[in-house]
Ligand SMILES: C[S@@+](CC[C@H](N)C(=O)[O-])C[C@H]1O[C@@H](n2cnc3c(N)ncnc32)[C@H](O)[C@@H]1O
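Let's start with one chain on its own, the form predicted alone, as structure tokens.
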Amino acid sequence: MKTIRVNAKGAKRLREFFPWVYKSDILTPLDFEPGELVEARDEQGKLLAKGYINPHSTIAFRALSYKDEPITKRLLKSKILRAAAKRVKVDTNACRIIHSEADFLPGLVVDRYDDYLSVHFQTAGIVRFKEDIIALLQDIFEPKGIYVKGDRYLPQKEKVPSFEEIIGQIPPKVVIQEQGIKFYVDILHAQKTGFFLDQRKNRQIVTNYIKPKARVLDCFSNTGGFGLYARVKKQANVRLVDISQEAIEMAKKNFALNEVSGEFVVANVFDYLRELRKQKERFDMIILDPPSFAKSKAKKSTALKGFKDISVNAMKLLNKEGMIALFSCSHHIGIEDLRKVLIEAAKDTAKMVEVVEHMYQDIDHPYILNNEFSLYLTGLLCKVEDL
């Protein structure tokens, strides 16, 4: 196994078990194949970690082990079993089994939907273990089918081809259950790996604050998670809004699957909130769960303007003591950023905002303190009152 030397900054991070070394912190000439296994050592030659390297990526090195041990199929198996053991108490037939660096398998995401797996390879280094990983997943979980996908950004970011294959059978729709609520999941065509599993806990938290038969507006609803919880559990009058016709059609099917009704709107949320203001509509709870506005730090400023825009308009649509649930699914915009957005929106609308819940990703998407980037989903649930 070849060796890379890292500078003091990179070495300090690895000693704190941060899983990455940036290209700028590597002292060795980057004459390596994408995904090649290497060991990382400090300037004095002390072993820090073993992992894989990609000279084409800003995150050049990703750690697979901090011990002096071989990187083998046996080690991969132990990591997968360790990850699976963490999910034993997740009471659903759908959860994330492997969450990349947070489960010590950087670049690998595995979601389970009943008897089926959705497996995403996101880096050249983890692609090198593809056959071993698939064999282990088949042996450990015995799925009826596996959807295997190489991230569409692989050619651009990692300089290796993307790919897609189905092992076994994957039905057009799989039925999953959370808290007694059923959802269809289209594993092959849905966003991300099939469903927003990371919001599971937050769907219940938000629903706890909804009064029976309240008016609920679920913005950026996708296939209807928050809205369906509100309708089933609180008999709320629910309206879902999403720009995707396909997502709204699936939401309609999810409501029908649970034998409940709702309103469904295909629209740009930014424009639609303004239209609702013109119509003088009012709601008791508004959920704002947009897609990532800030995929990079450079886009943060623009993203914050978007967050403020939807927050201001939502506040103007609330009934007395109405509530807003505001989420960010980007590490670059965290709880403190959301707090500042709501303060600015409150100032512009002459409102008082009381935070009643801080919300984060569910436990099958682990947040590892050693890796700040593993906390990516944050939210605030707030009561909004007139002055």
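Residue indices: 1-based, along the sequence shown. Owing to the predicted nature of the structure, the values given are computational and were not obtained by experimental measurement.
From this point on, the text means the form predicted together with this ligand, which you will not see here.
Next item on the list: Could you tell me which one of L154, I170, L137, V269 places a heavy atom within 4.5 Å of this ligand in the predicted complex?
Entry: Exactly one listed residue reaches within 4.5 Å, namely V269.
Item checked: The unique member of V175, L257, I71, I243 whose heavy atoms fall within 4.5 Å of this ligand in the predicted complex -> Checked against the cut-off, the match is I243.
Next item on the list: Verify the contact flag for N313: yes if a non-hydrogen atom of it lies within 4.5 Å of a non-hydrogen atom of this ligand in the predicted complex, no if not.
Entry: Judged by the heavy-atom cut-off of 4.5 Å, N313 is well away from this ligand in the predicted complex.
Check: Taking heavy atoms only, is G125 within 4.5 angstroms of this ligand in the predicted complex?
Finding: Outside the cut-off, so no.
Check: Does this ligand come within 4.5 Å of any heavy atom of Y113 in the predicted complex?
Finding: Taking the distances in the predicted complex, the answer for Y113 is no, it never comes within 4.5 Å of this ligand.
Note to self: Is N222 near this ligand? Define near as a heavy atom within 4.5 Å, in the predicted complex.
What the structure shows: N222: yes, in contact with this ligand in the predicted complex.
Margin query: Based on heavy atom distances of 4.5 Å or less, which listed stretch (104 to 112, 231 to 239, 205 to 213, 260 to 268) is in contact with this ligand in the predicted complex?
Written below: Only one stretch passes the 4.5 Å heavy-atom test: 260 to 268.
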